[in-house]
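Starting off, we have a lone chain in the form predicted on its own, written out as structure tokens.
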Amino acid sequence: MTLTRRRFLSGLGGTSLVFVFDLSCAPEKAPEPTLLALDGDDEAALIDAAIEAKVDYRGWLAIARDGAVTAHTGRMELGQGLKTVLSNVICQALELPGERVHLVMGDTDLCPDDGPTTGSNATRGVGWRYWVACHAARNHLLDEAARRLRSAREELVYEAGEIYDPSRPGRRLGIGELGPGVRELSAGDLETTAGDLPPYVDRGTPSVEAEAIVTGTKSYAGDLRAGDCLYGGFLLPEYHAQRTELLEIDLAPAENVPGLVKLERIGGTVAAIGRTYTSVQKALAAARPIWKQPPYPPEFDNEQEIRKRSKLVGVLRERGDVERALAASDHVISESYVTQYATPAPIETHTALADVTARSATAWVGTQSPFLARERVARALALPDERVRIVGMPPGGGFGEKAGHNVADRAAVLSSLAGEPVKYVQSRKEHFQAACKYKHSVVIDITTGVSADGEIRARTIDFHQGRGKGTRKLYDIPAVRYRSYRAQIGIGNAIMRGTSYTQTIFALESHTDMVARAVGIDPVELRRRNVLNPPFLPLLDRCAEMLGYPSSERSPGHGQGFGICYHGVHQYGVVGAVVEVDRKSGTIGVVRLCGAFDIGQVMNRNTASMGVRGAMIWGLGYALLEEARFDAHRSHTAAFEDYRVPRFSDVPEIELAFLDNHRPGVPRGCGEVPVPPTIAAICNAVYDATGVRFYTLPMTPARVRAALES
């Protein structure tokens, strides 16, 4: 199963040139690839040279004899267009057609561990490194061509993967011919900045996977079968996973289910293996478990429980004399905001196929983090990492949740029990309830002191069950104190798109609007006067222009609002919203969304626009629709009928603008920054339309009606 260097090289079909790049540095670090040219056609010599140079073959960017290029990355295509972007980068840097560029992604036996596909960092963390590395390779191919052609380096022309001397156009060397003689490079040879490289040009290339997606030929983990593979599953706890314990169980009623192969208690759960998915589910449903019931009543109020159980973790940030600054302010505004529990709810539930033997394991899984999955499988089976292979499959939606799930190791345990390949597919109910992990409900207490002319002088924020990301690099405030409190609720925290920026920006930007109203200053102007980073200014102007703000004609029930966000590594976003509120039904319709973003170099406008629109639609759902319902004992969210996500009928007109004013020329990611300000913009537009501030999400029709009636 394990791919050796010899097998890898033989698979390249007589490679004469292999560039070896160390592309495994953390995404936050500057790109420092190393380049090595291995001489000759003999596989053994190539292997020996690689071993002597202490090179990991999984970092190879290989140029084959026919000029085709194969690149490897541990990152995953999640539907965000990463495969399209990486292909575009290599095609443009080496001037190759798409059919000559191949990507191997997410296979732990073939690819480097260059981090999980999270946090909007794959384009800058991998794509930019490929751009740098390909240009380094191109420069040294030109050096080698100059030696062979006996021409001056500056006289040569690189064109479409070939190099020639215009004075002798009949003699052309393809990049696959130029292996022997190319020297080894160190990391120092490749230290560069955007200004040292040719500018990348976005050519609007369509998705390289569009046809496969539209025709249904793209394969996901759920499509896989290994011959007549078995199916497996686990008993779903009756109570929250962190609050329950299996005391005893009667398995006899389940043992005669047709198609059942194996039923076994494992620790605090029961594993079932059967010929069909249905037989597994029927067997688990027939078992008679006795659970330890939580020792308190099921009544549950999010805010009360969080406040009651909160303990100070620490001060996130403190600067200046907050109390003195508040006392010197002309206005002091104090408010509290509460967000809901939410779940990523991808269309494809957690799914994996595992094949385990006594000495090795392979798992095919929809994941955002193949190497973390390998680590978990190895630990579950007590195997060394090198004996476990994860083949990352495109997940049918991830949104952060598939970065750290346990589906691969659970499938591996089932396969180990069965002695055969086993496919593990979570039901929708299991997906919502089994892990008992949700984007946390957060209670945020915020106080701001502001002068009569709109200068924010002081701010305090207490995050109860929140991490408070999103407060930095937003507003220039002389005195601040931000604290984080942890609440032991017994409900796990899910990794979810936007992370804790989502809760923070909802509260912070809603509150900023209320500060503007208190001092009688336009909310956009208040932001202009107080933002810390200049890139926000053109974004605010552009977004207001797209939205037609301020509107001279206002229909009853219509409102406009804005939200801003600084996210990750120099990602700036401003979103504007127009809403229409039906006071009788309580329904909020989002009429229009506009977004202006500074995310650096846009590598592909098609994929970036799709990702940003999707994120803004996510923000709409979080603001108006999505909420996981449960009490202190159990979750009551088991299907999509219990968890409303946006439909096409909910999606408004969306207009986008991309500016590249801050550190231009380098990509900085865009997948998460649109979510938080969209939520805030919609909330502020609802306030503008109704004069009522909603301090709790989501703003459902029932909550809107109750607020307007009161």
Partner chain sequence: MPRMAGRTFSLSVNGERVRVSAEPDEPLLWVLRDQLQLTGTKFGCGQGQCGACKVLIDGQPLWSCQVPVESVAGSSEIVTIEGLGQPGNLSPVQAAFARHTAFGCGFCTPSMIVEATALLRDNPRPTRAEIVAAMNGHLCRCAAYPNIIAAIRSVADSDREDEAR
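Residue numbers count along the first chain shown, from 1. Keep in mind that what you see is a predicted model, and the values were worked out from it rather than measured. We call the rigid core the largest set of C-alpha positions that still match within 1.5 Å between the two forms.
Beyond the structure shown, there is the form predicted together with the partner chain, which is absent from this document and is the topic of what follows.
Discussion item. Residue-level question: is residue 645 within 4.5 Å of the partner chain in the predicted complex, judged on heavy atoms?
Written reply: Heavy-atom contact with the partner chain at 4.5 Å: present for residue 645.
Worksheet item: At the 4.5 Å heavy atom threshold, is residue 258 in contact with the partner chain in the predicted complex?
Response: Residue 258 belongs to the contact set for the partner chain.
Worksheet item: Counting only non-hydrogen atoms and a 4.5 angstroms cut-off, does residue 583 reach the partner chain in the predicted complex?
Response: Heavy-atom contact with the partner chain at 4.5 Å: absent for residue 583.
Practice prompt. Please check if residue 169 has a heavy atom lying within 4.5 Å of any heavy atom of the partner chain in the predicted complex.
Written response: No, residue 169 is distant from the partner.
Discussion item. Counting only non-hydrogen atoms and a 4.5 Å threshold, tell me whether 310, 506 and 530 all contact the partner chain in the predicted complex.
Written reply: No, none of the three is in contact.
Practice prompt. State the residue from 64, 657, 666, 654 whose non-hydrogen atoms include one within 4.5 Å of the partner chain in the predicted complex.
Written response: None of the other options qualify; the answer is 654.
Worksheet item: Using a 4.5 Å cut on heavy atoms, which of 638, 514, 149, 104 is close to the partner chain in the predicted complex?
Response: So the residue touching the partner chain in the predicted complex, by this definition, is 638.
Worksheet item: Which one of these stretches, 608-616, 469-477, 380-388, 575-583, sits within 4.5 Å of the partner chain in the predicted complex when only heavy atoms are counted?
Response: Heavy-atom contact with the partner occurs in 608-616.
Worksheet entry | Heavy atom within 4.5 Å of the partner chain in the predicted complex - qualifying residues of 212-226 | Contacting residues: 213, 214, 215, 216, 217, 218, 220, 222, 223, 226.
Worksheet item: Honestly, after the rigid core fit, is residue 256 moving at least 2 Å at Cα between this form and the one not shown?
Response: Yes, the C-alpha moves 2 Å or more.
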